[in-house]
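What follows is a single chain, given as structure tokens, in the form predicted alone.
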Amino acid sequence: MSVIADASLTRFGKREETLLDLACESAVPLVKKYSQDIDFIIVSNAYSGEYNDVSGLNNLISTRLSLDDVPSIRVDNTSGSGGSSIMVADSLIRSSSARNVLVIGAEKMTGFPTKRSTRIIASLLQPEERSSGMSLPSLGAFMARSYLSEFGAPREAIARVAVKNHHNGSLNPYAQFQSEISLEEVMNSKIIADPLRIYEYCPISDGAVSLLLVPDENAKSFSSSGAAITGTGYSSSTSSISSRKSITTLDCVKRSSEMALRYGKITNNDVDVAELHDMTSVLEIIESEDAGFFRKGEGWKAVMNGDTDIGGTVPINTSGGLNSKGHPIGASGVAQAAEIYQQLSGKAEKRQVQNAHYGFSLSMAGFGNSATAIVYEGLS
């Protein structure tokens, strides 16, 4: 079993630094403390070539960190890169192939016109669907319309996810957006893809996060607190959206969540705090159902009742989520794990969930193309 023993984050947002600078900004504090112990580096990054004209990013980073002799790899699984990277790191430690793994998630995406970014990210879709004009924002709108119709949810419920997550982001010093927004502001903001509006989508972001993962038997020598990874689950679905049976169910989320909870030997009811992939606000609701926290078609009720607030029964996206914290794609899944680490270690400050012991994160690639779910237990 592996343990997240330490974490280091940059501020997310529109940053002037280069991709390499951002990656090292997050990693240097950990390298200064643990450089003699690190024996493997995993870099989570999806678009270094498309956005930055950079290849071999993992080797560039290891040289910048003066860790040339430490083996490294880059993991690219689009927006699921972070969860996949943590799964690989955990597997290396469990198999004794590595002892102490530095996971660095980094992405530099700003500086391009929005339409070009949309095209870059849409390249993960099937060519036939992409050529018809399909994009991830339009898929989010289609999912929202279908969910509202199928389950009779009020339009307000989806907007309230954004209100909640911007509140949580206002408490997170690393979040891109640190101001609260009202329901009225969400509902009156610019339409991106009807019925969803600009506040209900994640922003284009830059940023980086680094984690140190160590074997559980050595964790106490690194830190008196931490988050043990007790279960991981992973699953894929067809990347052809038109071939799916339902747009309001994400099969890979269901399967990966069931697997992670089973291996972690807990149930949904045991989870004290969760981070989900809210590229658009409706995704948080649907993932909360498919991960088993709420019955199908009732996730919107949980939002309206405040159950997913920081003080609720199942706090979700206490970090602000992708919606407010930001979505530098390769860093997002690593940031989810960092948030759970902070929550279970009692380091989340103003957004701290009381008595948090078990955590859960869901890192999703594309629009439900694949998912990695992770279950964590706090060390005391």
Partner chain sequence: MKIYRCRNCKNRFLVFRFICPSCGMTGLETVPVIKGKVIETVMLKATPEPFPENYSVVKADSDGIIVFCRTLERLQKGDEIMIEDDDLGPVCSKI
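Positions refer to the first chain, counted from 1. Nothing here was measured: the structure is a model prediction, and the numbers come from that model.
Although not depicted, the form predicted in complex with the partner chain is the subject of the following passage.
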4.5 angstroms heavy atom contact with the partner chain in the predicted bound form for residue 217 = no
Residue 191 near the partner chain in the predicted bound form, any heavy atom under 4.5 Å?
-> yes
Could you tell me if residue 128 has a non-hydrogen atom within 4.5 Å of the partner chain in the predicted bound form?
-> yes
Contact between residue 71 and the partner chain in the predicted bound form at 4.5 Å, heavy atoms?
-> no
Here the chain appears without its partner; judged in the predicted bound form, the stretch of 74 to 82, 161 to 169, 234 to 242, 100 to 108 with heavy atoms within 4.5 Å of the partner chain is 234 to 242
Among the candidate residues 178, 268, 138, 225, which is the single one with a non-hydrogen atom no more than 4.5 Å from the partner chain in the predicted bound form?
-> 138
Though the partner chain is not shown, can you say which of 305, 132, 182, 221 has a heavy atom within 4.5 Å of it in the predicted bound form?
-> 132
